[in-house]
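Encoded as structure tokens, the following chain is the form predicted alone, with no partner shown.
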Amino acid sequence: MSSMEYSKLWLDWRRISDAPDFMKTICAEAHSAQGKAALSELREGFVAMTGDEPAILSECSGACLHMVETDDTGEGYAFSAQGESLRLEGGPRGLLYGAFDLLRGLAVGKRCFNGSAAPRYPLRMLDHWDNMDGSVERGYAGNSFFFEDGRILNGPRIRDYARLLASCGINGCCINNVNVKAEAVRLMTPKHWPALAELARTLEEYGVGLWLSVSFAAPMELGGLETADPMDERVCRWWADTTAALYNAVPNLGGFLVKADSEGRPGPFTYGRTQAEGANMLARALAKQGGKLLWRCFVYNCTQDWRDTRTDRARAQCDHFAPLDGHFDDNVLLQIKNGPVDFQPREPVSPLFGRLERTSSIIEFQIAQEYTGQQKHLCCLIPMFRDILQFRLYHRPGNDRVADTVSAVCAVSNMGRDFNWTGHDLAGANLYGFGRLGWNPDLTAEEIVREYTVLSFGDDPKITETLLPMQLSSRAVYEKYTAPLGIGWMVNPNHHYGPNPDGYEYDRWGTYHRATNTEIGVERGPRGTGYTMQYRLPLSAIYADIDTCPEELLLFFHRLPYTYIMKDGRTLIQRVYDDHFEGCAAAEEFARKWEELEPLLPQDVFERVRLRFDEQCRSAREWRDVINSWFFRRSGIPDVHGREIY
């Protein structure tokens, strides 16, 4: 597939009117694969922006871009202005990131480049939930571009994928589903290693490392053993030997990602072992090869009896992992979801981040909009991601934000084979923004979304003035017309799209609102499940007290009557009614605003997004009417404004 058959997203450089003189000549001292890729990107970008081919010289005088490749193994780079010339200096990967930073800056109107930059985190990764048959679990942008009919794919689209990742600062990808299906288990066999090695080389050209999800039960599934007990010497030996052979074939493999003891996946609990014992066994096999282990903390009882009011799924991560702090090997990173439950539109930050003093962690976001509109709704997640990274944990004096605590960042991918990669042209902001926040978590959401908008749709002020506020407010709008005040989960089971207030309420996966005809919510304070006590002071006290608990999380932390009076004087149920009417109206306003941009956008882009907004408006009306009707029928309390509730 050629690059003409799919979008370039934010790498579709447009003509600029005031090109600096240094764009006419590139004086290049770049010899590595990444350095040559950086030179190629700059040449192509300068041609697109100016219409002229720059001269590529080894020595030059006069105005030029001087690229200097050093032996630095890091990812940082530095700009220095020298009259009308510009010097870009860095190691191989640094040059690549610097090249994209330069192109991005020129495209959004920046003309002065000076100073140095380096990423906050050494690992910034996408987790793909791709299966080897080509399907993608929770995939909303078409089939996999990594796999098809049991084969590993490579070619122009993989290279362009790596370019996209590098251009926004992402440097790793785990290509297969954490729920390792039968065929994917066989990625650990020599049959697939030549193709994996070729794929790794393509990704490495753009500084992107290859990772694999592996099955904890692989010694049984592939090795002929009757056990996967991490304390069994035969199991340890199988992992050590297999990992060594794999790294011999794919020497630049980053490591493994493991989902164990979770939602039916096997793990150390099967053998009476701790999570640390299971993780360390795999980590030691990887350590010999210089690899790392990402061990997912999404471990909870997924067969809970809905009548059990004492078990609280939100507690599980802390209950299982906090007591093991300091017991994990140095090359283990505990992969922790941003919230305690499962990527809902509104959750508190997971308390586990503030409980790990001696263990490295990696925060897991979900760019794929599983519970936030599935890339059919506009729901820009960048403000939420940034708020989470800036959230204070109060576990130590100073530097106590999530951003200061985690050692790396990752996110569940929203990419697939669709023409525009992400299904919805505006959903690309979540991919781009995750990469930019992983590089620098102190960037503002407005800075990031403005960049994305200008790079993707052009610099016409009308486009920016329209799309920027739409995107920045879209997650709050989505939250208004879906599940209220931190409850979440009011979705159709299995596929998680569309409203179903009792969809999971009597299900083995847990209960989430426990509504009666008079009250709703889960009491998670000291008199309830005790979940609030997993936070440090003052957070534990703030959340436990109804008067200080943030209202947007009120029903996550507390069980309240529908007649509870909110801070603005409305009853809780009236707030629910109002939010749903307001959220639906805002979604319809998004669609109207988009129509105004038709003369300014390519027709194919305009039409694709218009159809997405049609679906968002239909779905928002359904959410409004189903949720409001459910609350009215439960409570018998009418809307004070007399609006129609069915």
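Nothing here was measured: the structure is a model prediction, and the numbers come from that model. All residue numbers refer to positions in the sequence shown, first residue = 1.
A second form of this protein, the form predicted in complex with a further copy of the same chain, is not displayed here; the remarks below concern that form.
Of the candidate stretches 501-509, 437-445, 312-320, 421-429, only 501-509 contains residues with a heavy atom within 4.5 Å of a further copy of the same chain in the predicted complex. Proximity of Ile16 to a further copy of the same chain in the predicted complex falls outside the 4.5 Å heavy atom cutoff.
Contact check for Arg527: every heavy atom lies farther than 4.5 Å from a further copy of the same chain in the predicted complex. Using a 4.5 angstroms threshold between heavy atoms, Asn399 stays clear of a further copy of the same chain in the predicted complex. Of the heavy atoms in Ala515, some are within 4.5 Å of a further copy of the same chain in the predicted complex. Checked against a further copy of the same chain in the predicted complex, the candidates Trp306, Tyr394, Tyr271, Tyr497 yield a single residue with a heavy atom inside 4.5 Å, and that residue is Trp306.
Scanning Arg608, Lys593, Arg43, Arg621 against a further copy of the same chain in the predicted complex with a 4.5 Å heavy atom cut-off leaves one residue, Arg621. Residues of 618-636 lying near a further copy of the same chain in the predicted complex, listed in sequence order, are Arg621, Glu622, Asp625, Val626, Ser629, Trp630, Arg633, Arg634, Ser635, Gly636, the criterion being any heavy atom within 4.5 Å.
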